[in-house]
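Two separate entries follow, structure 1 and structure 2, each one form of the same protein chain as structure tokens.
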Structure 1
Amino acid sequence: MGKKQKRGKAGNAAQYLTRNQAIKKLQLRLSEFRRLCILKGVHPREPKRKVKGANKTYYHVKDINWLAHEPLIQNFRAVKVHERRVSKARAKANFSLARRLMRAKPGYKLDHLVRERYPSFIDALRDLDDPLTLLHLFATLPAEGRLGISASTVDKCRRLVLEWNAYVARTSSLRRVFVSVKGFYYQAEVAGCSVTWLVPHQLAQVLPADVDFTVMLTFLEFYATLVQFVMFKLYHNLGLRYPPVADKSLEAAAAGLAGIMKDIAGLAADEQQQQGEQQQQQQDGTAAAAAALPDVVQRLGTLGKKLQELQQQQQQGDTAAAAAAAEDESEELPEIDSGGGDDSESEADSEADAAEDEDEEEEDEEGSSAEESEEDAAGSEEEQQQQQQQQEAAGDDDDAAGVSGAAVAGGGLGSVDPDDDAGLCSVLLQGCVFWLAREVPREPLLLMIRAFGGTAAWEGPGSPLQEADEAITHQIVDRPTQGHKFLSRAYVQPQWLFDSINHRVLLPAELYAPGKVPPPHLSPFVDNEAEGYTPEFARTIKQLQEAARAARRAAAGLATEAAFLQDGSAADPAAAAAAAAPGEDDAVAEKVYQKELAKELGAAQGVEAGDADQGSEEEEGSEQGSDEEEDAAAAAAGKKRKAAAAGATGKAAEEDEEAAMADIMMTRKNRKLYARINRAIEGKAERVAALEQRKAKLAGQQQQQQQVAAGGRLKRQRKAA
């Protein structure tokens, strides 16, 4: 018989410790223990059996042993001793000693924790959502010494935020933007990882009293170190120095992002200048080598000429071979003499006689079948007219789609691949110059415009343009009315920029005119197909996207085969349809399909007309029908309907029986899972039905409002008359 184990030496009691036990083991205060757990990434655990009580917080023994070897514990103890010395000096009224001790406060770094928690750079990028959100939050908060939020902390967060935004704008990494009550949701694609963060609105922030800012500041301390590591790596991958130097004048004028972007642009110019100097040095080195080794340089100089001569010889040989092949073919073909000799005259006479014989035979045949062909000719003429009208309408639709596609496709037509989303994002606003009014949020709009290839100007220092400049194409305003307007630019609300960026098309500016209710701001993070409901405006946007895609493909030179199909579809639609491979332009394939369908419908109408003529002749030959046959046919049809209804009822009963049998055969766990899935499907269907009802209700209200407005206009017109 084995030795009996004591209670608490094995199982959950030995594997888990309460928070008080962990604090006693580490000899730390509660605030220091909480701070250490946040910095190290240690979280409480939930054991299966809570031995010490259900209302206690448990930690795993391995986590506590891991914390016991952390060097930061010694730093925390040194800080505690230093605080005790400062408090003693103040108690003795030795303020000079207290100030001297405050200047010599011991510090610590968290670099080793970042390398420990994130072994690779990709791991740090994947966990960058919460750090960026917290940094943007503290960058908008006011400094409050009572809560521990110092001005240096806010400035540091503000600097890191501007550095991140400058990198996103420089690399055109921004992909999605959504505006909500909480703020701006951004999503960027950095090194293949999607990073999503939230930026609060620039409003006066009220600090709540029920929030523990000490815990948030501890998280902020680690996140700031992590973001500095990430930004250092990202900037050096671009060949830029880190940290960038912001322009003090622009920063004082609330244009910090423009100041950092200016520094980055200056660094890029310096890099180009350095590359030019390196090329010049290489050329100088080549010249020096030429002076040292003239024979080698002379041979290298004649190498290009020799290559050109060889290419010319090869081309001459190819042309000679092609000419010889053409001569062989011409020898095989029969010769046609265009002169005026006897042979040609006899041949011409024989051909004329044969043609006269053929004409006589054709006249006899035509005379015998003239009556039969009149109706067919009339029907074929009608079919041709219908087909021509359909082709003209399809051509007009294609032309309109092409014009609208070129208008909404944005900049960079022909310079990027239409299937390359990253390249499309970098040139979407290329050629667009925006003027930002005073009432719009400048920094978010500046970030989006710079990230998508546009140019932004504003009122104040650092602006590249003035408001009256004719180069401005769009003016973003957020006021009910716009007094003075320039005819050379479009006036839109800020939502136009968000929607255009999310859907990769330049939406019509008339929908977002100042003072007008804009279309619904659809979230780019919602999948309409997965939700089962597609709004009306989403369908409109999809049509614009298809038109823009067709315009981009045409501009990129990918529509040459589509043009060939358009030219050959009128002569041979079947061959054109066979040549249309998968992956072709959708608009061209749709056009070919419409033409084929029109011809098939025309042929079917002709066949039906012929059948009708034959039927009329038969009816004229036999004009009687029996009532008994009609009654028998009606009785047979009734039996068929009853049999079909009985079959449907039996099929439904069989399906119910199979479902019940499958439910019986499932285990309890699978049955619960299946029921949960069905409840989720039913809930989705209910949500879709509620949305449809709300949509119908709104449509009815809008129709009533339009009717009331129309009635008011009629009354006013009558009174005026």
Structure 2
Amino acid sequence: MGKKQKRGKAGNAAQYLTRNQAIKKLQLRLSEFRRLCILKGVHPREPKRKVKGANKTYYHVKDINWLAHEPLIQNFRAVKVHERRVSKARAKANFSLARRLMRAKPGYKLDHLVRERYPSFIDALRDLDDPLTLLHLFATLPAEGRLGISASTVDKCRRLVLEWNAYVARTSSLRRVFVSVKGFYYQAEVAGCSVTWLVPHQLAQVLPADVDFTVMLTFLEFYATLVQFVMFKLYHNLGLRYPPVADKSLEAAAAGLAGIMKDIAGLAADEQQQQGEQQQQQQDGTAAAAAALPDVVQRLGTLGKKLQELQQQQQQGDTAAAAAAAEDESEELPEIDSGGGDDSESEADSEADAAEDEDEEEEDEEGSSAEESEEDAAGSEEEQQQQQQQQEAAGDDDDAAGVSGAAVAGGGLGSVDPDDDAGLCSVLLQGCVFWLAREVPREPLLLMIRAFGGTAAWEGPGSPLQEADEAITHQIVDRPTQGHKFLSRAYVQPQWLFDSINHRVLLPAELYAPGKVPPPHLSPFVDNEAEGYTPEFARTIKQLQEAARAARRAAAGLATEAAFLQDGSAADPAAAAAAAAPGEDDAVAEKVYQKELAKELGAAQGVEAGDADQGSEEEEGSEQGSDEEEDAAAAAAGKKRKAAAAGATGKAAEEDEEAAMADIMMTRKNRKLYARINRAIEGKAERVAALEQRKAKLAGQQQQQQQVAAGGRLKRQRKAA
């Protein structure tokens, strides 16, 4: 028989200490112990057997021993002693001594803790969510000496935050953005780790009284150190100097991100020269957009003209639609400028959006423009035209899909593999130039636009462009009405940008027009299928995404073909020289594009040459036919359902009984687990059902409203008659 074990010498009793035991062992005060725990990342443990009682906090004895060897304890003691000396000197009115002492304040560093807690860089990246969120919070807090939030702390946070954002924008590692009631959620992909952080809305924070800021500041102290080192490594990997020098004047003008990015870009120029040609081209798109812009403008301008010409040709026969031509021009011009040469956004809209959206638009038109009653005729024609376009789109699916896809696919159409998410993100907004209105939050939008390859301009110092610049393709506004409008650009609400980024397609700008309630902003972090409920708008977006994907694939194919052609012709030295000429590629693309346009318009003419009325009748007829079919099918289905229901109840009862009997033979553990799982499943189903129910209710209400509105319209028409 072995020696009898003494109580408390082995097992949980010896392995775990309560908090008070730990404090006694370390000879610290509770506040010091807490501080040390925060800095060292020591947390309580959950022993299997709580020897000293269930209501105690337990620490592992190894953790405490580890704390006991921490050199910081000595440093803290030195700080404490120093503070005592200073206070003593002050109390004795020996101010000169106090001042001298204050100057020689013992400091301490947390570098070794970072290394200890995160032995590898990846470890640190994995735990970066909380640090970034806290830094972003403190970067927006007011400095409050009473609570220990010093101005230098806030400044430091602000600097780190800007550096991080600049890095994210520079490397195009931003993946998702979600604007919630709580703030902006960002998700970036850094070195294969996804880092998610939350930034509060840019409003003055109110410091709550029931929050212990010392705890948060201790966390902040460590987090700031950690993020500094992480940033150093990230910048180092990019070959950039750290810390970057922020442009003071821009920072003062609340364009700090731009200031830091300027510095980074400047440094990056040397690096760029060493890198390949392709890279440089990309850089042209992002950093040096302003330089590249005149070319684009010129090209787009010529395209617009050609399109107008084509349209005029098309409408020569059709005199009735001539009036609408001007409007069409005005409507379609912005879309011409929007992407890398895509004319048919309206088609994309008409295809992608549900018919309701159009209805709404019509209503809007009619509702809002009483003075525009004269234009009603033109409007109706326009509608007809739209319908035709729709038909046409339905007619040759491949083409339409390609073109509408091109509209939504955005900037880097040809240069990126549609399966390469990172590549796609870096060029999604390529060629788009945004003007940020005064009322939109500049910093987040600047980050997003730059991270996705776009160019942003704003009012104030540091802006690369002026508001009236022709190059601007999108103006982001958040005001009920937009007074003066440039025809050459699309006016969108900020949500357009968030949604476009999240879904990797350029959504139709009409949905996000200023003054309109935009479509719902969906969370990019949700897997709708796993959740069991897919919102309506998610389906719409899915269609758009598919179109965009197809377009990208097609464009990628084109690009590879072109490359192949180039390679082939490289054998011919003269041709090679021609291919090497910079304008050549563009010329080829333009030709292809023009051909497509002509084809499309030809098809549209063909349909028009047929009969519009007939077409509409056909549509109606088909609708009626489909209605009848539906009715019949519904009736049959109803019968079946009844028959099935009778069988089903019997079957269900049988199944119930089987389940009950299977339940008998389960072990108790399994039975509980089974019940728990089932409860979870049921809960989920319940939530989904609640959503469905609410949705049905809302749909019913909307229908009623529509009916009422339709009645009103009829009355008005009669009165007018």
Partner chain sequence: MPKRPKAQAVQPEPAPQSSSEEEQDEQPLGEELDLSSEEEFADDEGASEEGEEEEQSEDDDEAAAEDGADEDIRQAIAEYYQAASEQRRPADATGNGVPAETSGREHESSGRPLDPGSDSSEDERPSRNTIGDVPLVWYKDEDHIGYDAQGAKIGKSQRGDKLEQLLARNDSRKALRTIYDAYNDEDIVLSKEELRMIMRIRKGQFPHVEVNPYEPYLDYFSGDVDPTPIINAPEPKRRFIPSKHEEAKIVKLVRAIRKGWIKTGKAKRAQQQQPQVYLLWGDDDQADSAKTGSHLTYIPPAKPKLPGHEESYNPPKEYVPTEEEKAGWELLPPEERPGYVPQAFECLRHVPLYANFIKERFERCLDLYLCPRVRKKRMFIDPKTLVPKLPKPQDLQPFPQTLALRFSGHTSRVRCIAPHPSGQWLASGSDDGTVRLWEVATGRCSAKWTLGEPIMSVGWCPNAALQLLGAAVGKRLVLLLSGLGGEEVEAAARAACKVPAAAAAGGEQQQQQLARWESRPDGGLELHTQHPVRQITWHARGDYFASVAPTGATQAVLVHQLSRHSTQNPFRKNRGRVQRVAFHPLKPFFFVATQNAVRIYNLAKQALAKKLLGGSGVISAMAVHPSGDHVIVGSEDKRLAWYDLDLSTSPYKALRYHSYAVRGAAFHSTYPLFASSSDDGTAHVFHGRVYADLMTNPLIVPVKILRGHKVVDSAGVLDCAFHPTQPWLFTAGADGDVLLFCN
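The first residue in the sequence of structure 1 is number 1, and each one after it adds one. Worth saying up front: this structure is predicted, and the values here are computed from it rather than measured. Only the largest set of C-alpha atoms that superpose within 1.5 Å between the two forms is called the rigid core.
Enquirer: Among the two displayed forms of the chain, which is the form predicted on its own?
Expert: Structure 1, not 2.
Enquirer: Given a core-based superposition, decide whether the C-alpha of Asn55 shifts by 2 Å or more between structure 1 and structure 2.
Expert: After core superposition, the C-alpha of Asn55 moves 2 Å or more between structure 1 and structure 2.
Enquirer: Enter the rigid core superposed C-alpha shift of Ala22 between structure 1 and structure 2, rounded to one decimal in Å.
Expert: After core superposition, the C-alpha of Ala22 moves 2.3 Å between structure 1 and structure 2.
Enquirer: Could you tell me the distance the CA of Glu658 travels between structure 1 and structure 2 after a rigid core superposition, in angstrom?
Expert: The shift comes out to 4.3 Å.
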